[in-house]
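In structure tokens, one chain follows: the form predicted alone.
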Amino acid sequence: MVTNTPAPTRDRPRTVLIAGAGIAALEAALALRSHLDSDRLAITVLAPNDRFRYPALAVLEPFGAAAAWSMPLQAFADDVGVELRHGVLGDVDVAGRVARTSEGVALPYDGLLLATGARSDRSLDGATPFRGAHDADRVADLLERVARDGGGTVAFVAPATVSWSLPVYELALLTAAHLQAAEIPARVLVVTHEADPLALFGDDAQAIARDKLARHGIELHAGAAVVGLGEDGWIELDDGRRIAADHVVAMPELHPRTVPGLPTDDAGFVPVDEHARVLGAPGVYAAGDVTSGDVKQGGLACQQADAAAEAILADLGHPIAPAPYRPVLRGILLSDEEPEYLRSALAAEQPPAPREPRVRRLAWPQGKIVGHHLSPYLAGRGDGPRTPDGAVPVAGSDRAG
């Protein structure tokens, strides 16, 4: 295991630099500050933009059930007591413990947390991408075209390069409810590489997903590896099968944002140990989508950020026994019915306890993104994002405003 040696004592607070300003970055800042105040630990957040955007409710936007939510990062910095710097991480001198921005500004650190995320790109040429809030209007326009055409076939695709498929099912369920409420005779399909729907969450979640899809009249094509879209509008599968569709919405694939000076795996992501320490880079830690790992999801990013924060504190001499990252996947499946609260332990060392169901409906943390520190912080904001605790009002239905 790689261990990190604390930097020499100085007549100033230790300095932690957090590169990035997404979910993992904010969770880590909150976790660090919960242990040490600004007199003992200086935290700098290097942000490429000036706002934090909450991505988890983007599936509701095409249906008029939620608006995009964001907050000024300066407000977060003021609340938490961190310094906000605008810029992009350019390279890292690991031996000298100095990071440089893309503009060449040197930022010395005692600990560096890489939380720069991944780049969300199209996974299927010719399909309508759904990469979050900035693609919500594309999906809304697609639904309007279906309405104008008086129907058609809409397919929601999770290609083999996509590990986090929950939005596929939410979009499909909400689309089916929306079109049914508007009395538009359309077919809705889910085409996924998974052997079973929501396979990551186990048997109970799979049964719930199959039941919901069936009751909404949604055709499920599981175990279907999509290789492309034909010019005639057919979805091409790797086994030679073809599925007809007039409109296709595809989840994105993630690509790394590499940083010179830091190690990467063959795919370009950053390898870390169970405490989120970057392998071969003392004093550097990483959390979230930038790291190696099969499943990339906001709640997991928060858990890894918590592990990173504790490891940073321990390596800087704070009396804490850092807990390792043991991922527990949580998700809320939203539809025009009551939400389904899903949970699954991904680490082999942490199986669900006896009698603990994989699908839970009680004592759920606040927010669709479950972060030990970030969720209560956002919930405490009067203008914070609000996850529906009941059926989603779908535009065009009796429940829509």
Ligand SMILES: Cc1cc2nc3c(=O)[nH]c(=O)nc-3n(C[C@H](O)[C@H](O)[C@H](O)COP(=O)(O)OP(=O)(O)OC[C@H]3O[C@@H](n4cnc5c(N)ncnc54)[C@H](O)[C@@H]3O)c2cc1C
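What you see is a predicted model; the values in this text were computed from it and never measured. Numbers for residues come from their place in the sequence shown, where the first is 1.
The same protein also has a form predicted together with the ligand, omitted here; what follows describes it.
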| item | value |
| --- | --- |
| Contacting member of Ala199, Val98, Ala181, Val88, with respect to the ligand in the predicted bound form [4.5 Å, heavy atom] | Val88 |
| One residue of Ala172, Ala287, Ala309, Val284 in contact with the ligand, assessed in the predicted bound form (non-hydrogen atom, 4.5 angstroms) | Ala287 |
| Whether Ala47, Gly117 and Arg257 all lie within 4.5 angstroms of the ligand in the predicted bound form by heavy atom | yes |
| 4.5 Å heavy atom contact, Tyr109 and the ligand in the predicted bound form | no |
| 4.5 Å heavy atom contact, Leu30 to the ligand in the predicted bound form | no |
| 4.5 angstroms heavy atom contact with the ligand in the predicted bound form for Pro62 | no |
| is_contact(Arg131, the ligand) in the predicted bound form, heavy atom dist at most 4.5 Å | yes |
| Stretch in contact, per heavy atom within 4.5 angstroms of the ligand in the predicted bound form, of 227-235, 293-301, 150-158, 76-84 | 293-301 |
| Residues from 167-189 in contact with the ligand (non-hydrogen atom within 4.5 Å) in the predicted bound form | Pro167 |
